[in-house]
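First structure 1, then structure 2: two forms of the same chain, each alone, as structure tokens.
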Structure 1
Amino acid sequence: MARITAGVGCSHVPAIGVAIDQGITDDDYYRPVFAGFEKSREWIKQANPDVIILVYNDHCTAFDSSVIPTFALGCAAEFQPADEGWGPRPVPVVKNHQILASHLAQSLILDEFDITIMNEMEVDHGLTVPLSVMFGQPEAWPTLVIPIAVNVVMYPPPTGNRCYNLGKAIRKAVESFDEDLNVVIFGTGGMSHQLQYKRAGLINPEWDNAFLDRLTSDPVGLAQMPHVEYLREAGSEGVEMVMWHIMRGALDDHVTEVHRHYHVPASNTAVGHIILENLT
């Protein structure tokens, strides 16, 4: 049986990808950003997942405003890194576990989550930056990756509660798959940041850390948070954090926090990262 053993929450700030690609992770600005990921790289080496289900948002790369799926599941054999205006990131092609992805599609839809199925899709920094953060610069990604893209760019994004329940449905789907697989789920985006208008630059470390605390202590209550609270307390782009509830919903009710990293700033954003392990 396939099992989800752990969850990773991680910002996907494009500047972090640029720093890795340009080899400047050790300069004064980026050193504290990357110091907090050293333990994460050790951890994922030990965890050695067969498959990562990677929840992220596309930034008008695969989807412009002509088509806006709330939840889109990557079912293609592979996903090329996209050109976001500066050429594609020099990172490996992302390879899927296509049979598990198809199984997820079937299980989720019959479980009443009407997801969109993507048989062709390029992936942007939202997906590739968390992989770079966790794995560095390998020639090939050491694990298969199933992308789940969530709309958080155009209003309204899904509610935290809907995301949490999607996580539960993903877990059910994984556990009904026969192959013996170690699956880790990523929720990405955040933390507090606002990229636009007169309030750009907003950062709220207290709120961010309370969010990280409640992922372990009160995930159900946390998922009830209305969008307006993300906007007010974590900035207009802080609403990306609804995606972390998908990761959390796919884990046990009780989890162990094995690592946390929080740093301000990377570019315009508070960087947040957490690793949660199932107890069972």
Structure 2
Amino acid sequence: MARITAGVGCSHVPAIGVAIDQGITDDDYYRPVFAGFEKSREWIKQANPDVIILVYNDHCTAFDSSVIPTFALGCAAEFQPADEGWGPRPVPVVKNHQILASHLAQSLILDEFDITIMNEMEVDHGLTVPLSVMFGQPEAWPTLVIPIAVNVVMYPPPTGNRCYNLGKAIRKAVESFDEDLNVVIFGTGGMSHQLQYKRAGLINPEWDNAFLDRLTSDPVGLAQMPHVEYLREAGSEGVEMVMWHIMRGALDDHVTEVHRHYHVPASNTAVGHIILENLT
């Protein structure tokens, strides 16, 4: 059967993608950001996933205020890169595992998660930056990718608990798929940051690192965190962190923390990254 072997949490700061695309990752400012991903690139080569399920949020590229699904599952054959305001990044087209994506849609909907099925969708930096920090600049992405877009842009976003349970449902769906596939799931976004109004530039390293600690050791308790705490402690965009619960819910209750990286700042955002492996 297919199985989820590991999870990756990763910020998707657009400036990181710009630094990669412009070849400035070794500049004094960006060098410590990217140094923390060197071990990650070696790890993912060894992990060699057949499929990545990548949980991210769209930034008004595929969706706008007229239609914003809470959970949207990409079921198209491929997804063209696009972005809001920057133009599309010079990265490979994202190729899907359509059969597994269709199986996920069926399993999740019959498991009573109201998933929006996307048979056409562009993907922005929320999805492509995590791929770039893990794989560099290949001619083609070395693995198939199933996108799951989560609304954290317009109120109300889903709760951490709902996301955690969605992760469990994703694992159930993957393990019922009758093909031998090594699947890694990504939860992206965050960490603490606020992009506007009086608290613009807010970064909270203490909160961020406590979140990473609990993601490994106390995922059930962490998933109960209310939206107002993300807003108060991690800024208006800190609510993106609910997407990491989907990744964590898809893993074992007890996991091995393989690698962690945290750096402030990249642009005006804290960069967080973690790799967790299942014990079984």
Partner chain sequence: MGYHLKQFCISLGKAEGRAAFRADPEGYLDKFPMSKDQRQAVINRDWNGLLELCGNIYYTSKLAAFDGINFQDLAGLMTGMGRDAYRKMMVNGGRSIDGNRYKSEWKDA
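On a predicted model such as this, the values are computed, not experimentally measured, just so you know. Rigid core here is just the name for the largest C-alpha set that superposes within 1.5 Å across the two forms. Sequence positions of structure 1, starting at 1, serve as the residue numbers. Residues that one form lacks are left out of the comparison.
- Between the two copies of this chain, it is structure 2 that is the form predicted on its own.
- After superposition on the rigid core, residues whose Cα atoms move by 2 Å or more in a run of at least three fall only at 83-87 between the two structures.
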